[in-house]
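Provided below as structure tokens are two forms of one protein chain, presented individually as structure 1 and structure 2.
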Structure 1
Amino acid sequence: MAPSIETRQLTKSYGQFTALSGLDLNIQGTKCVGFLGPNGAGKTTTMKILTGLIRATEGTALINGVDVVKDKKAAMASCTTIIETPEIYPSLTPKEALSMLCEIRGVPRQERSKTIDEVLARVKMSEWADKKVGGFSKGMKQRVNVASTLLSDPEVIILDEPSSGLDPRGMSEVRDIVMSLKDRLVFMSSHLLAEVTEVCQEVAMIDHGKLLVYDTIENVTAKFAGGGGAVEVSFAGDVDEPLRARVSKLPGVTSTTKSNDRHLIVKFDPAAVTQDKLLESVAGLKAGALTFTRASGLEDAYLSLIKETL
């Protein structure tokens, strides 16, 4: 049977506040699925319910067809996870912490030390294998957490912002690890759209606890990126309202959105203006434009789907 993650009418309320409302998601097969959405959309909440860290107010969550509430032991038997940078008992070494998980997960005794050496090597932590975790930096701990998800040959891996706290090399190493996870279902939340584009084949986007779309990256891009183009322009100074208005009035520009203090996402109609002409006219404003990059298709789709919350 192919690995699967399924939520049915998943709802989570905190008092009056609804963090998740009736989320229906059905992911089947071996692939990598990116889980996207703005801060507070409910990504971590969904993943916590899936792994038995919290309970849904209503609805069910299943891993490989097993209800996590009814039988967490069976549901988690071939699922590993990192949610919100876990901590490890500080006086244990990575080797000990990982052998605790090996024992819990039923990795045969004779395979344990080989498996642990392998996974520590993959996250470049071999030389720290026998040092106490208590003295590790955040990123070093996260590397051990990543190593822990590779133990016991899981079919489903749920990762909540796995590259959080990692240095640039660490991030790229985690990307490589995720891409090397063939024959598994990886469900990964991330704000790094470039990372998602690189490692995932499909994306699920949520906002305000509701599923907006779940499809392949190509389909999502084709459907929601719009026929138009989009570029991101960075400026030397802060983008203020008058500057945004001036850019909006440039020929062919259909909309502008600030993505942060100094960045502006500029959408344009390719029929009215080509990208090179747009670059010239942005530069012509003499407003301190520094860089001019084509936004990726996924980023474009994300921005058009989730613009209301920006």
Structure 2
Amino acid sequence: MAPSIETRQLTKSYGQFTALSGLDLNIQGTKCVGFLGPNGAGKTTTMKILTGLIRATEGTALINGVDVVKDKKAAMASCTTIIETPEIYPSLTPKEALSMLCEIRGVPRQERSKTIDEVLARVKMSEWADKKVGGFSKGMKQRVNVASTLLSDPEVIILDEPSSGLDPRGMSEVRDIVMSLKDRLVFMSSHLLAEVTEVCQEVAMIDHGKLLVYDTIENVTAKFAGGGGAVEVSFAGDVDEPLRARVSKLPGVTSTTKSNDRHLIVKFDPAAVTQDKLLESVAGLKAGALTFTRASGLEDAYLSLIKETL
């Protein structure tokens, strides 16, 4: 049977606030699916429900056809996850930390040493296997976290922004690892649309707790990427609303959307302003703009589907 993730009318409310509203999603087969949406759209809430960390207000969540609420142990037997940014005890080595997880997950004692060596090799951490984690960079720790998801040879892997907070080398290393997992079903949330384009075959976009689209990247791009131009601008500090408003008022700008805390996708009308003039205008704001990257078709589709951030 092919691995699967399914939600049926999944709803989660916190008092008067609805984080998820009737989410229907059915993912089948081995592939990587990007889970996209602005901050507060419901991505992490969905993943926490799928892994049994919180309960839905209404609806059903299934992993490989097993209801997570009715039989969490069976549902999670073939699924592993990294939600948010888990920490590893700094006094432990990767081998010691993974050995502890092997025991928790029921990996047979006689197989543990070989399994740990194999997963550390897969994430290129073999030479650090006996060094204390406390001295590791964030990227190295994240590679150990990814290694932990592979200990029980899972069919389904759920990753919540696995590249968040990493430097460019760390992001590249995590992307390479995820790309090597195409023999599994990987469900990965991310704010980095270029990363999703590179790593994933399909995308599901949600906003305000509702599913907007689920399809292949090619189909989403062909259907929703509109005309005009777009660039992604990275800033030295967080993009707050006053900065976004200043960029929005520049000549030729038609819309702005945060792709993460320090990145802003700026859509513009090429008939009103050329790209180089737009970049000059953004730099002229003296707001700490660092890089400018031409937006991809997926970014255009994202802007078309998600009109405003929360």
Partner chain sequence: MSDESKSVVGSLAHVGITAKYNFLNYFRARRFYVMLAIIVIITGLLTTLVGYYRPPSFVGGDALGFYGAGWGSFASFVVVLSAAFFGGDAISGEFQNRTGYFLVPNPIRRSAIYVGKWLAALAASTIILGVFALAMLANGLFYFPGSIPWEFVESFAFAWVYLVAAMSLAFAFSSLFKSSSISILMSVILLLFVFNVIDTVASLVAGIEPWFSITYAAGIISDVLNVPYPAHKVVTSLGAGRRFTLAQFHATIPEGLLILGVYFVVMAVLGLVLFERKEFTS
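Throughout, residue numbering runs from 1 along the sequence of structure 1. All of these numbers come straight from a predicted model, not from anything done at the bench. Take the two forms, superpose them, and find the largest set of C-alpha atoms that agree within 1.5 Å; that set is the rigid core.
The chain as displayed in structure 1 is taken from the form predicted in complex with its partner chain.
Core-superposed comparison between structures 1 and 2: the Cα of Gln142 travels 2 Å or more. When two forms of a protein are overlaid on their rigid core, residues whose CA moves 2 Å or more are considered shifted, and Val282 is one of them between structures 1 and 2.
After superposition on the rigid core, the Cα of Thr254 moves by 2 Å or more between structures 1 and 2. Core-superposed comparison between structures 1 and 2: Leu120 shows a Cα shift of 2.6 Å.
When the core is overlaid, the C-alpha of Val266 ends up 6.2 Å from its other position between structures 1 and 2.
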